[in-house]
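As a starting point, one isolated chain is supplied in structure tokens, in the form predicted on its own.
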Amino acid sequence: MASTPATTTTGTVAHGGEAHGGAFPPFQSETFASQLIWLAITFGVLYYLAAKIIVPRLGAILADRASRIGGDLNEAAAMKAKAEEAVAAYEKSLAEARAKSQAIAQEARDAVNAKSDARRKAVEADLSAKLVDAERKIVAMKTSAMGNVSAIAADAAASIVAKLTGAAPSPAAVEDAVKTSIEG
């Protein structure tokens, strides 16, 4: 007969036909002592590794990180202060530039106003001189015209009297009559 694996009601068939029986090995009361010893040894080794190697390394990493972050914060604060100084310097130079440009613009306006005032005064002086010259010419022309008016009036009066009366009046009488009527 061929050998068949043996089966039991309390176990399972294992390789090679052997059956294991009983409870789950960690729960077997016969192995508690050895399991507790190995638990203590494993815990002690892990505690030693954590206390002597892992925790110091993590502490060093955290301290390095904290110092690096602190340094970065200090550097950022210094850069912020420099940026604020740069902004203040920029605003100051901008204010100075505005004031300087306003001063230059005012100087330019003053120069243009002075130049236009000088031109205006020169034009006014020229016009005033031309006005005086024109008034002088008008007075001269008026005087000349008035001088001619009495001669023209005398000629016209003599012609009128000659046509009306048929006799020519004397030039002295005509001049006296014209002078009397002009003066008034």
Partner chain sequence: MAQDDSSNGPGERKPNAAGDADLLRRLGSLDSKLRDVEARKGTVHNADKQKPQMSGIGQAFRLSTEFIAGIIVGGGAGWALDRWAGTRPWGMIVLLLLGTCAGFFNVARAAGLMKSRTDDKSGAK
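Residue numbers count along the first chain shown, from 1. The term rigid core refers to the maximal set of C-alpha atoms that superpose within 1.5 Å between the two forms. Only a predicted model underlies this, so the values are computations on that prediction, with no experimental measurement involved.
Keep in mind that the form predicted in complex with its partner chain is not shown, yet the notes after this line are about it.
Although the partner is absent from this view, residue 80 contacts its partner chain in the model of the complex, with a non-hydrogen atom inside 4.5 angstroms. In the model of the complex, at least one heavy atom of residue 87 sits within 4.5 Å of its partner chain. Taking non-hydrogen atoms only, residue 73 approaches its partner chain to within 4.5 angstroms in the model of the complex.
In the model of the complex, its partner chain lies within 4.5 Å of some heavy atom of residue 104.
Once both forms are fitted on their rigid core, the CA atom of residue 75 lies 2 Å or more apart between the shown form and the other one. The Cα shift for residue 87 between the shown form and the other one, taken after rigid core superposition, is 2 angstroms or larger.
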